[in-house]
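Here you get one chain, nothing else, as structure tokens; it is the form predicted alone.
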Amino acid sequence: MLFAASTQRTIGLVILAIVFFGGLVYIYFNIRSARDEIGSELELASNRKPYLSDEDLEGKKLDLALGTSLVLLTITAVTLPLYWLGEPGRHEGRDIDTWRIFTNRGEEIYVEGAQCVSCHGPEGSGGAVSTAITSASGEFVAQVSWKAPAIDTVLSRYTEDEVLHTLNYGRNGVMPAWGAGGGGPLTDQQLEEILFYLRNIQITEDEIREQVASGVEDGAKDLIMATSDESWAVDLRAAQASADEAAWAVRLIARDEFGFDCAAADGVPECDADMAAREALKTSNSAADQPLQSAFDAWWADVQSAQQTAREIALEADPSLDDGGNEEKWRFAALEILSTPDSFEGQAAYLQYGEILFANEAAAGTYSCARCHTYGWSFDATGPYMIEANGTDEAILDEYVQGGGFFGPNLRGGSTLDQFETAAGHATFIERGQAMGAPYGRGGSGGNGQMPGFGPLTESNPQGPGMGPGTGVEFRYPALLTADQIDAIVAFERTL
């Protein structure tokens, strides 16, 4: 279509050039044929001169005029349909050029204008922002580093209307309102331009799968290292504790001197201890690599075995599940078993898998439920903090209450069982997310649309010029989590 549009434009320009230069030639010769006016009394006025006879007018003169008109009509009859044929291509070319311009402007706003990059990272890969945590009474608690999720998958989680709503009005008291509707500095068109840029940076399904799997492996290895009684794990925990202690000592002596560097501070005992601890930790990590990987492989085999055991128990209870076309029914029957505490021996590994997915650290918590449903998870509240008043290493929390509620509701104490009668309904909700104003679950009121969907998303009402209802333009985005991963989260949440 674009080629056709280019060809027709060329033809049109050639015809325009012919007409334009032809007109110039006519004007030139008309001026040349003009003669100075001598005076009406000395020469008979032109309108009083005898003109050509009827025979002359209706002969060669008329034939020339009719022939010229026929040529012009032929040109018109040929070029108008050719021009019309190129019209769809011109519209498409206009839209593509507009989309390119909007995307470039959106990138400029993301990087330089609103500087979204300072929180969400280059090309939306995720980052962090420094913010203050206060008590319920408004007193300062700590300056923390808040995880800003990657937004190179945001259009898999939210519709464009929901993204624009968040851009307009902000989110959770940390993401500010950027749109004029929410009191921000950006116009509606500028928000649309950001949306065009976001479309351009969404990552592929393979990249999503790789990130989620990497987060699961890291989380499982952290769990193994924290709970294993093997000598390599005990040694590694001791080395990590020593390194953390030395690093904190260095942080305390460096807090008043920006850019403090132990390498340039000879004779500082804390620095010597820090460097020695780092070397010891490096040695312990190297020694733990192989046994840790073996332990992870064994754990993953236990997770898959638990899935298979649940399917076998479900099939034993209902042999018809093995009939053709009952795969989804079989899936949810097995999920009900996995979601019931103490259903069978070996279930624990599967529930650990669900918890690791629930609190997946990958991409600054992009795939994590804990980011919204667990207080403190978004700013590492169990880690040490530099409290401005006294420089203590006291953590804000001793441990997380996973699913205890924060920006999202409390999921503990059977609340998910009350909200969703079946594991199937629970899984479907996580897959689709919650639309603005739409009720969900058993008696659930309409929410604010900020619970994302983790399944695939088709955007059939994209925003911007050349888009919207009736245009046929739509975008398809891959799921953030597979059905098996969503099931594991459902099982974990339903056993809290």
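In this text, residue numbers run from 1 along the sequence as written. Quick caveat: nothing in here was measured; it's all calculated off a predicted structure.
Below, we turn to the form predicted together with heme C, even though it does not appear here.
Though the partner is left out of this view, S125 does not reach within 4.5 Å of heme C in the predicted bound form, counting heavy atoms only.
Taking non-hydrogen atoms only, Q434 approaches heme C to within 4.5 angstroms in the predicted bound form. Using a 4.5 angstroms threshold between heavy atoms, R105 stays clear of heme C in the predicted bound form. By the criterion of a heavy atom within 4.5 Å, L338 is excluded from the residues contacting heme C in the predicted bound form.
Figure note: of the listed segments 210-218, 408-416, 316-324, 280-288, the one touching heme C in the predicted bound form, with heavy atoms no more than 4.5 Å away, is 408-416.
The three residues A148, S378 and P452 all sit with a heavy atom within 4.5 Å of heme C in the predicted bound form. A single residue from the set V129, I96, L82, A276 has any heavy atom within 4.5 angstroms of heme C in the predicted bound form; that residue is V129. Note on the partner interface in the predicted bound form: the residue among V174, V78, V71, A180 having a heavy atom within 4.5 angstroms of heme C is V174. Contact annotation for 152-167: residues with any non-hydrogen atom within 4.5 angstroms of heme C in the predicted bound form are V154, R157, Y158, V163, T166, L167, listed in sequence order.
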